[in-house]
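Only one chain is given next, in C-alpha cells, and it is the form predicted on its own.
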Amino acid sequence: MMKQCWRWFGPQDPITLSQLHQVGVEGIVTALHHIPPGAPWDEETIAARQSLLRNAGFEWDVVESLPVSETIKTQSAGINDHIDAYKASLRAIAACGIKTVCYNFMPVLDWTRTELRAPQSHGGVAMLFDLTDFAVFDLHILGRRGASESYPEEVHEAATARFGQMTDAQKQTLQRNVTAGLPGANDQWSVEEVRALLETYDGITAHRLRAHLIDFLAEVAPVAQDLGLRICCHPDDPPFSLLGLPRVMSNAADYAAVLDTVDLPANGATLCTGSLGVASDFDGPAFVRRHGSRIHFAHLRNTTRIAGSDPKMPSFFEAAHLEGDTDMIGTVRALIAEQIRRKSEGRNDWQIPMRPDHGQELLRDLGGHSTPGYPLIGRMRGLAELRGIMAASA
C-alpha cells in the first residue's frame, strides 16, 4: 500500500485532526502557510507544528508546499537572498526529520478555477474551469494587454456576450474565484495587483522560465541530496498557458527535460493525475513507467474534460476519483508496481506518500463548510476508493 496521507491546512482548517483517524489517514501533508515566499522557515516553528500533529497521533510526512517566490521564478533583484532562504528552509526541514518537500513553478497563480462550487447532477458540487468564463476575466475584468491573441475567435465572442449579461456581483465572484489559488494565499488580490505581477513576466518565455527552474534546481537539489531530502515539482494546473504566462511542467516530456538535466535522485516529481490529466494525451501508467524512480509524492484525483471545449485549452470539472478521464486504476497499479520494484532494490523510500487530492462536496460538506476543493466527505470517499485499488493491486 502507498502511505495514505491527507492535506491539512493547519489549526485554521475546518477539518480537525481527530476526525482524520476515523477516515483512516496515516500521515499529514501540510505547510507553514503564514510564512511568505522568500522568507526562511526555522526549526522551532517546524517543530511546533510537528508537536501539534504528534499530540494528535500523526507525523508530518510531506511539506506541501515550500513555495518558490516570484523573485526566484523571474530571477529578479534579491534572488540570491531568496535562494539562501530556500536552502535554510530545507536544512531546517531536514533537521526536524521530514523527508519530502513538494513545490511548484507556476507563475503568479497556483491552481486556477472559475467556479469553486459548480452543481453536479447527483446533488453535490465540484470545482470547475470554464474557458469562456476565464476569458471573461482576462478580456473584460482584468483587461490584459494582448489577451485577445490568447483565445480562438469563437471563445472571444462568447466571452464578450457572457460579460454583457453578468451582474456586478457575478463579475466580483468570478474575479475572486480565479485569483483564489491556494487557500488564504491570493484571495485578496486586486485587479491592479494581478496586472503588476503579470508585468514582471514581460519577456519571459517558456524556454527562459524552464532555464530559471533548472537554475533554481542546480542550486537547491544538491543541498537536498546532501540532506537526504526528496524535493518534487507539482505540475501546472491546468497544463496550458493562462494570462499569457509560460508553463513549463505540463507533461511527461517537460518532466524529462528537467529531471534529466538536474539528474540527482533528490530532484523528483509530484505526480498529480488531475492536473496532468486535463490534457487529452496524458497516460498515467506510462508516466509512472517513465518517471517512476523519481516520483516522490502522488496527488490522486480525476478531472473530466467538457465536451465541445477547445482541445488545447479544455474546460473541465473535478470528477469523482474513479470517474474522470484519467485511468486511475492503471495509474495506481503502476505506482504499486514501482513500490515493489523499489523495495526489491532495498530503497528506504520504497513507499510513496499519496493523498486524495481535491474532491467533490457531498452530503454534510455542502453549504460552504469546507475549504473549496478540500471537503471531508468527498475526499474520504476518494481515499476509500483509492484504498480499494491499492489493496487489490498489492
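Position 1 is the first residue in the sequence shown; the rest follow in order. Keep in mind the model is a prediction, meaning the values are calculated, not measured.
This next part talks about the form predicted in complex with D-mannose, which is not shown.
Inset, instruction - Report yes if all three of S65, H358 and Y374 come within 4.5 Å of D-mannose in the predicted bound form by some heavy atom, otherwise no. - result: Yes, the whole candidate spot contacts D-mannose.
Inset, instruction - Would you check, heavy atoms only and a 4.5 Å threshold, whether D130 touches D-mannose in the predicted bound form? - result: No, D130 is distant from the partner.
Legend entry - 4.5 angstroms heavy atom contact with D-mannose in the predicted bound form for R387: It does not: once D-mannose is placed as it appears in the predicted bound form, R387 has no heavy atom within 4.5 Å of it.
Legend entry - Distance check, D283 to D-mannose in the predicted bound form, heavy atom within 4.5 Å: Output for D283 is no: heavy atoms all beyond 4.5 Å of D-mannose.
Inset, instruction - May I ask you to check whether D138 falls inside a 4.5 Å heavy atom distance of D-mannose in the predicted bound form? - result: Looking in the predicted bound form, residue contacts with D-mannose do not include D138, since no heavy atom lies within 4.5 Å.
Inset, instruction - Could you work out which of D110, D254, E219, E115 is the residue within 4.5 angstroms of D-mannose in the predicted bound form, going by heavy atoms? - result: If I apply the 4.5 Å criterion carefully, the residue I get is D110.
Inset, instruction - Please pick, from V278, A126, L271, C102, the one residue with any non-hydrogen atom lying within 4.5 angstroms of D-mannose in the predicted bound form. - result: If I apply the 4.5 Å criterion carefully, the residue I get is C102.
Inset, instruction - Within 4.5 Å of D-mannose in the predicted bound form, counting heavy atoms only, one of 35-43, 331-339, 54-62, 350-358 shows up; tell me which. - result: Careful reading of the contacts points to 350-358.
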